[in-house]
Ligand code: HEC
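Below you'll find only one chain, the form predicted on its own, shown as structure tokens.
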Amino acid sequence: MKKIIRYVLLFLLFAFVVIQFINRPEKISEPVTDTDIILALNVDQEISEMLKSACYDCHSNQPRYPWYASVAPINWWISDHIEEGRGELNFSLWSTFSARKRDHKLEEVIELVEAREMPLPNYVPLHKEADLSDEQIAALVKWAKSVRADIANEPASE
């Protein structure tokens, strides 16, 4: 029985080493452009830091990868997670969105942050800086509502 367990463990170790070289997802690291929400809206430092620490790893072109993001199969999960997050909202492309889409995305940000559904509860334990306090949530919501009001006052595009 010990021999079987040893072979199983050796096989698992071998498989773990092999998968490190299979289908390695590319890490995203694009330069910040003027389409980024922080630059496009000239966001103040407090909100900018909150967005970067709580949102940008999944919702921008500038995620910060932890050391374990290089270890398969975790790197596959992280890559899929970032791809899905950017598909929902990519703050790096903010100024390319229509006014209607920007307004809707901010509405969703407000709802999800107030409900503490964002940042994702499974993200926060490993990223303590993303754990927003009640005061930070209130400031972020106030800012988002202010931006929504600005969007509502924009001249209608033809």
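All residue numbers are counted from 1 along the displayed sequence. Model, not experiment: these values are computed from the prediction.
Below, we turn to the form predicted together with heme C (HEC), even though it does not appear here.
In the predicted bound form, heme C (HEC) sits within 4.5 Å of a heavy atom belonging to Tyr123. Interface residue remark: Pro63 is not counted as part of the site for heme C (HEC) in the predicted bound form, having no heavy atom within 4.5 Å. Contact between Leu112 and heme C (HEC) in the predicted bound form is found at the 4.5 Å heavy atom cutoff. Residue contact check for Glu108: one or more of its heavy atoms lie within 4.5 Å of heme C (HEC) in the predicted bound form. Picking from 88 to 96, 26 to 34, 40 to 48, 65 to 73 the stretch near heme C (HEC) in the predicted bound form, with a 4.5 Å limit on heavy atoms, gives 88 to 96. In sequence order, Ala54, Cys55, Cys58, His59 are the residues of 52 to 71 having a heavy atom within 4.5 Å of heme C (HEC) in the predicted bound form; the partner itself is omitted from this view.
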